[in-house]
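Shown below, as C-alpha cells, is a lone chain in the form predicted on its own; questions about how it binds or moves come after it.
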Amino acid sequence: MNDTSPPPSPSSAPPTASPTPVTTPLQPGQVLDGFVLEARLHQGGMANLWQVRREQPLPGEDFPLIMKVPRIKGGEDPASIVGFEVEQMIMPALKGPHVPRFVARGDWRRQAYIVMERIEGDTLRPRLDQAPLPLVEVVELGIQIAHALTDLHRQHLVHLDIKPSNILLRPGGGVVLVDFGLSRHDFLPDLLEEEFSLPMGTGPYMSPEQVQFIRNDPRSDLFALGVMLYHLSTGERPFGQPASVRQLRRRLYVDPIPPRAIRPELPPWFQEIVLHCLEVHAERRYQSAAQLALDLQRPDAVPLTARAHKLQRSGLVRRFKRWFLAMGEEPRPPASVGAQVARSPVIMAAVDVQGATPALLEELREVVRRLMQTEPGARLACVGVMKTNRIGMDELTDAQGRSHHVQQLIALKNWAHPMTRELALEDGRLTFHVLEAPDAADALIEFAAKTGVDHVVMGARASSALRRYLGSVSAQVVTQCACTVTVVREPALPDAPGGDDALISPSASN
C-alpha cells in the first residue's frame, strides 16, 4: 500500500538520515492520518505501540491494526532513529505469513509511524524464563523459526536481530518475525552501514561476522537461531551477556560449553545441530535456513561429527591459536543475501531403488552428480518411499527377518556411494530418508514442502497405456510440487521403436 501522508512538494528537501520531526504527545482518541488511536499497548525505550483502527475501514482489511511510533524527545541514540527509517523502507517490501502485513507509514516531517497487522499472540521471550524446555518443544520452535527465516531470506532480506522478543507466536501455530530496524535488504539502501561503524545487534545473539561489520550474510540469522536453541534447551546463554565490543569479540575464539555438558540427556544429534549453527566461520555453518529445517525435522538422518560428542570447551592452546588467527582475519561476505540463498539449495533425489532399472538409476545418479558438482553449497537429500497398506498390517521384515526399511536405506546408500566418493559429500551435505506411506507421490510432495526443497530430481519408468490412464508418480510430483522438478528417463536405445517415450528427452524440468 502507499503512504497515507501526502508526498513532499517539489521544493521540499528529502528527509535526512537523522530527521528531527515535529511531534506532540499522542493521546487515546486522537486521529492521525485517518487512524484512530484507541489504546497504548506498550511503551518501549525506542518506540510506543498503539492499538488503532481506521476511521473509514477499507474493503478486505479485516484484520486488527497496530501503530508503531518512535519515541523522540531529544538525546536519543541516532542509530535508533535511522533504524526506524530502515524499517519504514523495508516493511512494504515484505510479504507472506511470517511478517506482519504492512498498511501505512507516516511522514517524518509531521509524525513518523508504521501501521501494520497486529499479531494476536505473545513473543517467545517469556519462554526463556521457563528454560530449559522439553526437547520436543525446542525442536518444534526451531523448525518454525527456520521456515520463517527461509521465507525471509528468499525475499532478499537478512534480519540481523533474531531474538526471542522479535519472534511472535501465532495462536493457531506458526511464527511471525518483527522489528526490522537492523535488517539489510539487497535492493534498498543500507542507511546503518552508511552512517555508523560499530557492530549492531543484540549482544547474546550477534554472529561473529556481525562483530566484524558484515551485514549481508543470511547465515548470521542461523547463528542467532543456534543461540536460542542452546538457551531454550539448557537454560543458559552460550556466550553470556556481553556489554562491550571486546566481550563480543570473544566469540571469535572462545567456543561455548557443549549443551550435553549442561544437560547430559540431550541427544548427540541435537548438539550436532546447535554447534553446527554456532560455528565461528559462516562457511562451516548451515548454508541456508532450509538446510537447518531439514535436519531438525529428520534428526535420525543427521550425520554426527566430533561436534556431537564434545563434552568440554576447546583447550587453551587451541583457543590461543583461534585468538591469534582472529586478530587479523577478514571474513568473506557473500555478494548479497540472494546470492547466498541461491548457492545453497536443498536438492531432493527421489530414488526408486527397487522398481527402477539399472540404466535409469545410473542416469539419475549422473544428473544428480552434475547438479551437486555445480552447486558447492547445496544439500542433497536422497529419498525413497516404502509403500504401506492403507488398511491392514504390513510385513516389516523379509523371510530372513531383515527390516524392509533398513534394506531400502542400505540400497539408497549403495546407489549414492559412487557419487559420495567422487564429490566427498560426507561433510553433512548428504542425508538419506526412507518414507513409509501408502502413496509415493503424496509422500514425496509432502517431504518437499515441509523441508523447503528447492529442486526435486526423480526417475520415470517407461510409459504404458495403464500408467498414462492412471497417472504416474512423476507426473503428480511435477504438477503439485511448488519447486523445480527434473524428471530423468532412461536413454533411448538406437533401435527402439517410436512411441511416446521417443518424444521425451532424457531429462526435463518443469
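Note that the coordinates shown come from a computational prediction; the quantities given were computed from them, not determined experimentally. Just count from 1 along the sequence shown to find any residue number.
The protein also exists as the form predicted in complex with a small molecule; that form is not presented, and the subsequent description refers to it.
- Segments offered: 188-196, 367-375, 162-170, 298-306. Contacting the small molecule in the model of the complex at heavy atom distances within 4.5 Å is 162-170.
- For the residues Val473, Ala448, Val52, Ala47, the 4.5 Å heavy atom test against the small molecule in the model of the complex is passed only by Ala47.
- Note on contacts: among Arg260, Arg118, His153, Arg429, the single residue with a heavy atom within 4.5 Å of the small molecule in the model of the complex is Arg118.
- Under a 4.5 angstroms non-hydrogen atom cutoff, the small molecule in the model of the complex lacks Thr357 among its neighbouring residues.
- Interface membership of Pro100, defined by any non-hydrogen atom within 4.5 Å of the small molecule in the model of the complex, is confirmed.
- Within 4.5 Å of some heavy atom of the small molecule in the model of the complex lies at least one heavy atom of Val178.
- By the criterion of a heavy atom within 4.5 Å, Gln247 is excluded from the residues contacting the small molecule in the model of the complex.
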